[in-house]
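First, one chain by itself: the form predicted on its own, in structure tokens.
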Amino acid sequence: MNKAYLGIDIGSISTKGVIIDGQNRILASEYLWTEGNPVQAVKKLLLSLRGKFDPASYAVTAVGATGSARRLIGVITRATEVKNEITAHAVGTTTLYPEVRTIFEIGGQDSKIILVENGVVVDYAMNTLCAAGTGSFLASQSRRLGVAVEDFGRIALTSQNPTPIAARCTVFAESDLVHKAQIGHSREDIIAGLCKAVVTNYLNNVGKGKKIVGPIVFQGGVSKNVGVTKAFEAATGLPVIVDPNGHLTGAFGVAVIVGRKGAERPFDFGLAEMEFVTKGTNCDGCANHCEIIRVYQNGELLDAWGNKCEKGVSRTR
């Protein structure tokens, strides 16, 4: 039986899963919405992957988790590796593009830039304080314009004169968009302007002070928007690579890490049928008032965390 490795990237907007073999080839993958419930999202993910996976030829011998809810999902799936997004994206990208120097990543509610030299991360920055310039920002504006966000890139490329949009803040961007539409700017120009505004916001905030050199790889859900990709190329003067599986890079990267480490732990897709419950309570043992997170599987405590001192230890049991 050949060994396979499962990587899960659990974000606030989307949940991604990838199963790879020992040569880092993708055997199965899935991308779906988290919908505010990471536990349910991962259960759906596992059910989908099980249907795409050939258990007669491969056996998943280890799991890795990354993303905003990585600790929780790592507990549920009994992951051997739980890694932050920077590490997961860097490993995934350098595995596919060893010469990469700059990684642009724009997701649903956050974005990041990673600078690489000789396959090693030397600098990075993240924007998690404002949704302006992220996938959720574009989705919100697409609804306002009555256009599917999937069509944004195609429409943006038809514009000859992108409309200047103030996108430093979501509220200001929406107000500016309405104003520009009222004074006669065309829909395609406004959409192209939004794509350009996303890039400007990203480079002025996330990329501020960073030396951007090629090769550049653009990933995350927004990388599927060709209008944003072209705007990045115009702003940097450099070609931008978009991998067909760029939206899965975090999950792919943590799967690669698991495979490299070699640690094994039995995994069963039957976890998708089990009941998992999370409970949060505040510990009043000291002035920290730590939030203790408990995870239960079929009524039994799996793990708990959150205490900053020994007074909270009893609250995790």
Partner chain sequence: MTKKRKVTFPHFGDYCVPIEYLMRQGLDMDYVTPPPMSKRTLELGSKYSPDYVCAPFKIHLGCYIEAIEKGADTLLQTGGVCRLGFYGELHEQILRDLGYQVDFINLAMANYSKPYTFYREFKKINPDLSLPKVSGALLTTIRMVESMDAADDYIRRNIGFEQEEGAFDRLRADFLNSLALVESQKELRYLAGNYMKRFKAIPVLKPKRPLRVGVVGEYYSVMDPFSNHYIEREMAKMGAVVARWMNISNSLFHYPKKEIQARIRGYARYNMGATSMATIERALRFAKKGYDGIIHIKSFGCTPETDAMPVLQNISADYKIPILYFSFDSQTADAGIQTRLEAFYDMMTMRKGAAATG
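Residue numbers count along the first chain shown, from 1. In this text, all values refer to a predicted model and were calculated from it rather than measured experimentally.
Here the subject shifts to the form predicted in complex with its partner chain, a form of this protein not shown in this document.
Any of the heavy atoms of residue 308 lying within 4.5 Å of its partner chain in the predicted complex?
Flag for residue 308 set to yes.
Any non-hydrogen atom of residue 151 within 4.5 angstroms of its partner chain in the predicted complex:
Because no heavy atom of residue 151 falls inside 4.5 Å of its partner chain in the predicted complex, the answer is no.
Tell me, yes or no, whether residue 52 is in contact with its partner chain in the predicted complex, where a contact means a heavy atom of each within 4.5 Å.
Heavy-atom contact with its partner chain at 4.5 Å: absent for residue 52.
I'd like to know if residue 209 sits close to its partner chain in the predicted complex, meaning any non-hydrogen atom pair within 4.5 angstroms.
Output for residue 209 is yes: heavy atoms within 4.5 Å of its partner chain.
Quick check on this chain: which one of 95, 142, 186, 87 has a heavy atom within 4.5 Å of its partner chain in the predicted complex?
If I apply the 4.5 Å criterion carefully, the residue I get is 87.
Its partner chain: the contacting residue among 213, 178, 120, 234 in the predicted complex [heavy atom, 4.5 Å]:
Flagged contact: 120.
Does its partner chain come within 4.5 Å of a heavy atom in each of 78, 247 and 265 in the predicted complex?
Negative, none of the three is within 4.5 Å.
Partner-proximal stretch of 42-50, 56-64, 281-289, 22-30 relative to its partner chain in the predicted complex, 4.5 angstroms, heavy atom
Among the listed stretches, the partner-contacting one is 281-289.
Within 53-72, the residues that have a heavy atom no more than 4.5 Å from its partner chain in the predicted complex
Read in sequence order, the lone residue that approaches its partner chain (within 4.5 Å, in the predicted complex) is 70.
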